[in-house]
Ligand code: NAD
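Shown next as structure tokens: one chain only, the form predicted alone.
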């Protein structure tokens, strides 16, 4: 499909889900897995996190071609000690592996009051907030620490050479008769995927995000994709770095997985995740939890003269973006669409079919 440089497509949610399902069905995923990966990737796009949406398809297909991704796989229980589950993802598709891991953790937390789920060796599990949302829908509070085994792209605070990846953290906080509060962030200034999106669009990244190969500040996302490559900086200087370090310890080492220890050669993006899931109901604090939380929300958002707009809660911007994109379509830039088309063609989905989906 030919598009003028810089042109952006607007594709409906339903159509984009069909695109994802067609590609993964052709690649060998069963219908359940096609549904899970489509739900996850398209929801990321709907909420404005294009870095973790359908633009990840080419990377996933590349891993599959390299035999570093296993389709239709389930997490294997390595150890079950009642309040804790240790699981091995076996390089299964992360959208399936993490979903199943959370199902197991949710069931255990409802039974025992809390659960620790230590998941190692999964292929990329995508937007971590998705798993916090899964727990929140069941009325459970959850905390998720993730580390990433891939080419290092983030420099430690005080360093100029990348030593780790964008290690995200997410927290899910269910509310009474309201959408949950979802805290979800990379420990770097920007997720690597957001810099990929900027590179594909040909737009700069914000000040203070990147350094080039010589350690000089730059706004050019090419610094991460064209040799010699530079590095992403941690958010909040030493604060982002220390949280990223904690992810290496809690998600990488404690789960039985791996921490970063040098450059990697595989195409796969490997994730390890430590999840802590808590049931306020089982703890007997449900009533207090819900009332105190709503009291705080009221206090935090209480209008103050001269203050505009209203104070937003974590997750509010994503909900607003989702409403806009449901109404007007999901934007996909030209280069990302061409990359998706090539990935689809590589597993047998014709470019003509994908072009028709794009209108």
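What you see is a predicted model; the values in this text were computed from it and never measured. Numbering follows the first chain given and starts at 1.
Only in words, not in the display: the form predicted together with this ligand, which the text now covers.
In the model of the complex, this ligand lies within 4.5 Å of some heavy atom of residue 185.
This ligand in the model of the complex comes within 4.5 Å of no heavy atom belonging to residue 332. The closest non-hydrogen atom of residue 312 lies within 4.5 Å of this ligand in the model of the complex. Although the partner is absent here, residue 318 is a contact residue: one of its heavy atoms lies within 4.5 angstroms of this ligand in the model of the complex.
Note on contacts: among 126, 234, 172, 252, the single residue with a heavy atom within 4.5 Å of this ligand in the model of the complex is 126. Here is the short version: of 267, 108, 194, 73, the single residue with a heavy atom within 4.5 Å of this ligand in the model of the complex is 194. Note on the interface: of 73-81, 243-251, 185-193, 223-231, the segment with non-hydrogen atoms within 4.5 angstroms of this ligand in the model of the complex is 185-193.
Heavy atoms of every residue among 49, 52 and 168 are located within 4.5 Å of this ligand in the model of the complex. Contact annotation for 265-281: a single residue, 271, has a non-hydrogen atom within 4.5 angstroms of this ligand in the model of the complex.
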